[in-house]
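Coming up is one lone chain in structure tokens, specifically the form predicted on its own.
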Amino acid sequence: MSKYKVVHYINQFFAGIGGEEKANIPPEMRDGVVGPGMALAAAFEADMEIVATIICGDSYYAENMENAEAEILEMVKSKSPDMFIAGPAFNAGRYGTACGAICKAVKDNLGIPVLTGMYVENPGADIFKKDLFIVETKNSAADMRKAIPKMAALAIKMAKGEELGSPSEENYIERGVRRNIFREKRGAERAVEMLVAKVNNKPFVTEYPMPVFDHVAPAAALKDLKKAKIAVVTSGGIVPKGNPDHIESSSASKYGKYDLTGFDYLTDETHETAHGGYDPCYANSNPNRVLPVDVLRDLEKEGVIGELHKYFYTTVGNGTSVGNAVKFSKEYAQELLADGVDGVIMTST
């Protein structure tokens, strides 16, 4: 029996080309295995073979989605594979989003099985988990040894058209799909057994897990707004003209801190938005629509607030991972506290 043919997708980092400085490379295809494809090929053993590897820079894909997708689809089609695999992307936001988007495009346009792998909090997982099978990984490439065998095992079953088990059995992220199955015990009996286990502090696994959300306690009200130092923070991507720190248009890996000294308002000559995913025309023509420096300066002059903090912090919320968002906020929250800021106005798109 001949092996199932696989085309594998990776980014510039895992291809060994470079890091962020090489993130703008356009798609290219190489015959055979590259980077983590070597581990995948070994895990496939006699069942599958990687006939080609497609490489694309994370920034290039994020900034040229339609063109990149079309180019990659043609590359995949030229190899007539039985399956397409992307990643694993772990917790890399832009990489995960690209893996998910490309897998969906291949699935929808070429009708072959697709598979990727990433951390559950990767924005790509949240966007594409209902469309794709995504093997759950840890948040860094340190998990590569464990992630690859899981991906290979699921890929082989998918290529062979075998029936797949539950997420816990096959190691993929829950997709929100419900199926009727037969159990030896009726539901009421199972529920009582779980309840008894719970009250006795014994382990049990619920059959209907509920989502868990962080609880953020509201801060106390400001005692005297007229004496308060107010800062403005945005996930709307407003940056000085030219985006000097190269904040990504989606799945941001960084934030910027910029001085507002001397600015009574922002103009299209001084500032712009780096945010992707929406029409930036209105934000670029008047950046105050996203970062309301003009109104805050008026409130400062009128004595409604004590003063506007001299720095603003900005990043892009489009596809940015929860992990990065938490990291950013913890870092600049400490700076804001050290600068004596009393309150923060957070704006978005």
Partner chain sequence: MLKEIERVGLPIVHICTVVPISLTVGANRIVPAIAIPHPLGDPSLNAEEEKGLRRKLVEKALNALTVEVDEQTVFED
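Heads up, when I say rigid core I mean the largest set of C-alphas that superpose within 1.5 Å between the two forms. Residue numbers count along the first chain shown, from 1. None of the values given here were measured: they were computed from a predicted structure.
Not on display, but discussed next: the form predicted together with the partner chain.
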{"item": "Option touching the partner chain, based on a heavy atom within 4.5 Å in the predicted bound form, out of 56, 296, 48, 40", "value": "296"}
{"item": "Listed residue (143, 126, 71, 82) with a non-hydrogen atom within 4.5 angstroms of the partner chain in the predicted bound form", "value": "126"}
{"item": "Heavy atom of residue 2 within 4.5 Å of the partner chain in the predicted bound form", "value": "no"}
{"item": "Residue 97: touches the partner chain in the predicted bound form, heavy atom cutoff 4.5 angstroms", "value": "yes"}
{"item": "Contact flag, residue 235 vs the partner chain in the predicted bound form, heavy atom cut 4.5 Å", "value": "yes"}
{"item": "The partner chain contact in the predicted bound form: residue 302, any heavy atom under 4.5 Å", "value": "yes"}
{"item": "Region of this chain that lies against the partner chain in the predicted bound form, out of 71 to 79, 272 to 280, 112 to 120, 151 to 159 [heavy atom, 4.5 Å]", "value": "272 to 280"}
{"item": "Within 4.5 Å of the partner chain in the predicted bound form: residues from 17 to 33 (heavy atom criterion)", "value": "none"}
{"item": "C-alpha of residue 67 off by 2 Å or more between this form and the one not shown on rigid core", "value": "no"}
{"item": "Residue 20 C-alpha relocation of at least 2 Å between this form and the one not shown, rigid core basis", "value": "no"}
{"item": "Residue 101: Cα shift of 2 Å or greater between this form and the one not shown (core-aligned)", "value": "no"}
{"item": "Sense of CA distance change between residue 318 and residue 109 in the predicted bound form, threshold 3 Å", "value": "farther"}
{"item": "Closer or farther in the predicted bound form, the Cα atoms of residue 64 and residue 318, when the shift from this form is 3 Å or more", "value": "farther"}
